[in-house]
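In structure tokens, the next block holds one chain alone, the form predicted on its own.
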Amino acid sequence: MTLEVAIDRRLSDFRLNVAIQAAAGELVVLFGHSGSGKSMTLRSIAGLDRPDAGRIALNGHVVFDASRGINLAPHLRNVGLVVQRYALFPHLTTAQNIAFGLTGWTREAQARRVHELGALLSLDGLEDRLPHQLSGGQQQRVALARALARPVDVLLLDEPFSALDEALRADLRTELLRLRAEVDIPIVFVTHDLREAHLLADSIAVLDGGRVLQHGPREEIFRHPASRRVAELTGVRNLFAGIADGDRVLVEGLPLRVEPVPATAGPVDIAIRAERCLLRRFDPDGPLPENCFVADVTADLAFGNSHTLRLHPMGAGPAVEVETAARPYEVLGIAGRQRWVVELPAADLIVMPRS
């Protein structure tokens, strides 16, 4: 089963222009800030919003094609949709909520399907409970089960975990990854949570201002952002302007070797993730290795099991943020030392066309 989307929609001063694909068993994350067009894309796939132009096909079956006048109603698209607010019927039990869309099925077939989904989503023993008798995580699993009750060609999830506390979110992310292994359909997941995107995605479509800036495998997006804006949206905090010349870039007066060699020379944007920067103990009498400069710690921010350090160069070189895990932080004795040699490894420097 596959999903193909290429749509265009205009709303006063906002334009949605999105093209994405998803294969069977693939979890695609639509990632971006609020107002970037993520939910509108999902609603268009579900048939709840009509694009002005374009085409949507599920498993080779066209459900929307503006040029051909095709626009199937939501209930004819074989789509499962789960939104942030679970929209469970308060007067129906868990089993009744799951079975709500199974009209035309025999009682035996309904009961069998409810039992299958209850086992799949850890709802056994909760069949007779009303929504107010369930925890938030249990309610979300019921909503997932209801979305999957009928055979569907794609599962659409619109920030389904955002209203839950972190412990429940972690549990449900695990459930979703397990579910993906059980159902061989595309899953499209909307989130503005960077950590959630990294934990769940097989591929990521980065949206901004109604456009897909980059769409590809998760590691490709995080390790090789296509532009400064994609780097910003995906959490890169070290972003510099530079000049490329062969395998070298000049950043704040400091020549840095980069791998691979940039395709073009001239003005570029340079990025490196904070966790890819390295610290070496400063030896005032020793030569500086390649891609290194001396800097002082100006801030040390602890976040659970990691530390984010802000360092200012003593001479040539950029101001940087360096993220280190708690154990290396302790072993290196970072808390008791202000001056360090910062290394920006050549293979971890990302060179992008100047925005």
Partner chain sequence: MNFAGITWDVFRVSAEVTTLATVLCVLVGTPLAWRIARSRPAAASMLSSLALLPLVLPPTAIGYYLLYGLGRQSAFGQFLIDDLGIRLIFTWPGAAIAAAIVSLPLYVRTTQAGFEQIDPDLLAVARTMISPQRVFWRVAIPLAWPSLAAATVIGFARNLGEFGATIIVASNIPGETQTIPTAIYDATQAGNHGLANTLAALTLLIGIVLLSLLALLFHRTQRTRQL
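Quick caveat, the model's predicted, so the values are computed rather than measured. Numbering follows the first chain given and starts at 1.
Keep in mind the form predicted together with its partner chain is missing from the figure; the text below concerns it.
Put simply, of 119, 263, 87, 181 only one has a heavy atom within 4.5 Å of its partner chain in the model of the complex, and it is 87. Site annotation in the model of the complex: the residue of 150, 198, 173, 223 reaching within 4.5 Å of its partner chain with a heavy atom is 150. The candidate site formed by 48, 81 and 132 is fully in contact with its partner chain in the model of the complex, as each residue has a non-hydrogen atom within 4.5 angstroms of it. Stretch-level contact analysis of 263-271, 249-257, 67-75, 163-171 against its partner chain in the model of the complex, using heavy atoms and a 4.5 Å limit, identifies 67-75. The shortest heavy atom separation between residue 112 and its partner chain in the model of the complex exceeds 4.5 Å. In the model of the complex, at least one heavy atom of residue 101 sits within 4.5 Å of its partner chain. Residue 91 belongs to the set of residues with a heavy atom inside 4.5 Å of its partner chain in the model of the complex. Not displayed here, its partner chain is kept clear of residue 141 by more than 4.5 Å at the level of heavy atoms in the model of the complex.
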